[in-house]
Each structure stands twice: as C-alpha cells, then as structure tokens.
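Shown here is one chain on its own, the form predicted alone, set out as structure tokens.
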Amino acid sequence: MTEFKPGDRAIANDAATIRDAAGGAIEIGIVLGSGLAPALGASFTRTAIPYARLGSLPFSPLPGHRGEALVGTWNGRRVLAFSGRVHLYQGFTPAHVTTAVRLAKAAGASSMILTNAAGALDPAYVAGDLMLIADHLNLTGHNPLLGDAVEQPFVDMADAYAARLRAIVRRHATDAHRLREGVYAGLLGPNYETPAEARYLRTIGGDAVGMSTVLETILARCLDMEVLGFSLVTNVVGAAETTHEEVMATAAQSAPRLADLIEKTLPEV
C-alpha cells in the first residue's frame, strides 16, 4: 500500500488555505472523474491550487487527472472542485481515496457532487449519455469506515444519493442533456469487465460500472453531507474493445452537457 495518511492537522491547514482562496467557507465540493475537467463551466471563476501545495491530498498522476484543487465561485455558490482523484487500484487505501471528501467538509461544504466516467451495463444506454446515480453497489471489497476511521460507523445509506437533489436535477434536465437515472456498480479495477462479469453486474441491478465514487459517497454520508452523483457513459460494456484513451475522449466530448446541467442545478444544491 502507498504510505500516506492525511492527518487532522494537515486537513485543517489545507481547509484554511482553500477558504482563504475562496473568500469564505466552501458550500459545495465536486470531484471530477477521468477526463471530466472540461465539465467546469466557463462561468466558474476559480483559482487553481496544485495538490503539491496541499499537504493532505495524495496524488498519483493518471491520464485525465490534473492534480489541482479549483477554488472559486460558480453560479453564485462557493465551490471546491477536485480535478484528479486517486484509486484503490493504484495501491491507495480507503482513507486516501476519500481525502477529498474530508477536506471539502473541513472547508465548509455541506454537499458533494461526485462525477465519474463509467461503462454502460444497461443495453439501452449509449456512449455520451449522462446517468444520474440513484443508488450504488459497493463491490470494491473496501470501506472507509472500517476500524477506528470514524466514531460512528453505522451509517444509514437508504438515501445515499439525495432524493431531494436528484429531483432538482430532473427538473432542470432537457432532452439535450441525455439524462438517464440508474444504479452505479463500483469495482476495484483496474481491468475492464469480462462479458460474464458484465452480465452478472446487470443481473444484480447495475446500470453502469466504474472504479470510483462509492467509497466517497459512504464517507460523505457519514459526515452528514448530501450527495449528488453523475456517471458519464463513455462506452457500452462488451459492445467493443475498451481503451482508456477512448474513455477520456468520449468524456471530454460529452463534458459540456454535464457542465451545463451542474451549473443549472448549483443554486438549489
């Protein structure tokens, strides 16, 4: 495992840096998935803080992940957007991959918007669709609440992806956004799924599959944060060979629609 564990002092120091850059307490945290940095709208007035300047955030470069905390105002809300996340498959622990959530909470955020690039399991989906996450399957074999990580680990996940926030998104969505709603299956990765695995995931209720988000959601709910989740469908699992380059290209092409939907939703989050 990668040796890194963000401490409370490092989190507090970085939260102060972020609040100073934002001109006040953060209201909403956003985590951007692979290739989704373009999802930040042109109206997001922000300052980029490299992760190297933030002692609490682990980072290991991956294509499509910049390694910057973007701090500023977007559609009237103070936002902290993480452009780059780490993953279990890179050798990081559950504590590492959920640090962004802890930092956003310490900086003042009461809500998290989690985004990811995902493969479609539902045959009705096509590449470029947006999926509003209604629920998830945590199939990573990990949990950020294990041991003494938190004082109260018995977290109710019945409303993991807030029904209130999903209703707001649906109200603002148009046909042009190509919005669907479904269940996200979170796997360890890093390989893509076999045809048999894809059939299994579909059978147990998955509509899209990826390698992130579920642990972030669990910790956010533990911290009493509302969660809004989006998957950007980059491929249909099993339909053709999948490459990371194709995933990022599709994510970048579709990201402006995600940006527009997030921007319209922000004032009510």
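Start at 1 and count along the sequence shown; that's the residue number. All values reported here derive from a predicted model rather than from experimental measurement.
Although it is not shown, the form predicted together with a small molecule is what the next lines describe.
With the partner omitted here, the stretch from 170-178, 135-143, 190-198, 79-87 that lies within 4.5 Å of the small molecule by heavy atoms in the predicted bound form is 190-198.
The small molecule in the predicted bound form is approached by residue 247, whose closest heavy atom lies within 4.5 angstroms of it. Contact check for residue 117: a heavy atom falls within 4.5 Å of the small molecule in the predicted bound form. Within this chain, residue 47 is remote from the site of the small molecule in the predicted bound form, having no heavy atom within 4.5 Å. Not displayed here, the small molecule is kept clear of residue 60 by more than 4.5 Å at the level of heavy atoms in the predicted bound form. Checked against the small molecule in the predicted bound form, the residues 32, 237, 220, 214 give one hit for a heavy atom within 4.5 Å, which is 237. When you look in the predicted bound form, the only residue of 26, 209, 40, 227 with a non-hydrogen atom within 4.5 Å of the small molecule is 209.
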